[in-house]
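Below sits a lone chain in structure tokens, taken as the form predicted alone.
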Amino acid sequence: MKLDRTSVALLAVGAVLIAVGPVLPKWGVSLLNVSLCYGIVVLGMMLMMRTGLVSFGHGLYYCIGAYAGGLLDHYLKLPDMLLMVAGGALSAAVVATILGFLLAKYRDIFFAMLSLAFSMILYGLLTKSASLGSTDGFNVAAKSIAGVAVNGEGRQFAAYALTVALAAVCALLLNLYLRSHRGRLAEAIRDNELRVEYMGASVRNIVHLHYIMAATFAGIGGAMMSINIGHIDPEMTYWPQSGEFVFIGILSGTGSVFAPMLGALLFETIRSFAYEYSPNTWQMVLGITMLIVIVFLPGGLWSLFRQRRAP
């Protein structure tokens, strides 16, 4: 399949972000790191939303990815960033494959609440696990990438470059998938499952596949977040964390794979500056932002770009 303009733009933006990394201020690198990690997670949310499903417990796989990657460093003494990301993605995909056999049967609020229930079960288990740091979690100190030791500023740039590269690759792969025959069925399932079944496609199998893909993206985002912030704790699977992903998903819209990245960047920028200059009312600022988007841009921020292209 040939690369379309979106795919080419993704590669170009990724290359530019990596190139300017060394000259960015530390706060800018930190903001981009967090935003892109969230953006990777919300890519999966976007796929689920296109299929007509919203997960209120997507923090489950975000947390699994973080803990799986962190355990490789903390207990197995394998502090390689690539191994940690691979471990996070694989662990999330395996768990999603198992839970997906159940969740693929449900829709609407039943799917949303079941996903939340599994997320809260993990939260309860982690807070009671002294070997995993209980409520305090534990620190992560990835010290190599592809077997090459890094430290200091070299480690910071390596983590930043890897985050940008993974965000670009994940968005590129999802964009290619959405252009495929099976990917195009996502919106058809959202609109009319029965007609999709009449066409000969298995809705349950497609929903199961999309659930696994979304979980894998979340696992990657969680593993990279643990590398970037250097700490993991059970709050990563608590319901407010999942709520943030839903918030960004609604804020972004589902019109393009660029949307989750831009939405996550806007969300993190507003939260950071609101917390800095108005620490007692930063949640209100986010709430007002959401209300403005829902009222004036019900299709999310990306609808602005669609409106500009419309004749």
Partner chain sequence: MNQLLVVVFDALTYSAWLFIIAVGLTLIYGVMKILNIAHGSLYALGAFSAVSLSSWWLAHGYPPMGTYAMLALAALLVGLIAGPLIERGLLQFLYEKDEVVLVLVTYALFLILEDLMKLVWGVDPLLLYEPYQLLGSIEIGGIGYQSFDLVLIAVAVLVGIGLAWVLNRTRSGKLLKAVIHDREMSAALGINVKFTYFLTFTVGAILAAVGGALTAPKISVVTGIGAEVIVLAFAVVVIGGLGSMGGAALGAIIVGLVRTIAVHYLPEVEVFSIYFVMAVVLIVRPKGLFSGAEVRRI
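Since we're looking at a predicted model, the values are computed, not measured. Positions refer to the first chain, counted from 1.
Below, we refer to the form predicted in complex with the partner chain, which is not included among the displayed structures.
Subject >> Contact test, all of Y75, A149 and G154, partner the partner chain in the predicted bound form, heavy atom 4.5 Å >> reply: None of them does, since no heavy atom lies within 4.5 Å of the partner.
Original post:
Looking at the partner-bound form in the predicted bound form, is L102 within 4.5 Å of the partner chain by any heavy atom?
Top reply: Judged by the heavy-atom cut-off of 4.5 Å, L102 is in contact with the partner chain in the predicted bound form.
**OP:** Indicate whether K143 is a 4.5 Å heavy atom neighbour of the partner chain in the predicted bound form.
**Re:** No, K143 is distant from the partner.
**OP:** Please check if A19 has a heavy atom lying within 4.5 Å of any heavy atom of the partner chain in the predicted bound form.
**Re:** A19: no, not in contact with the partner chain in the predicted bound form.
Subject >> 4.5 Å heavy atom contact, L114 and the partner chain in the predicted bound form >> reply: Yes, L114 is a contact residue.
Subject >> Stretch in contact, per heavy atom within 4.5 angstroms of the partner chain in the predicted bound form, of 90-98, 161-169, 233-241, 75-83 >> reply: Comparing against the partner chain in the predicted bound form, the contact stretch is 233-241.
Original post:
Relative to the partner chain in the predicted bound form, which residues of 80-95 have a heavy atom no more than 4.5 Å away?
Top reply: Contacts from 80-95: none.
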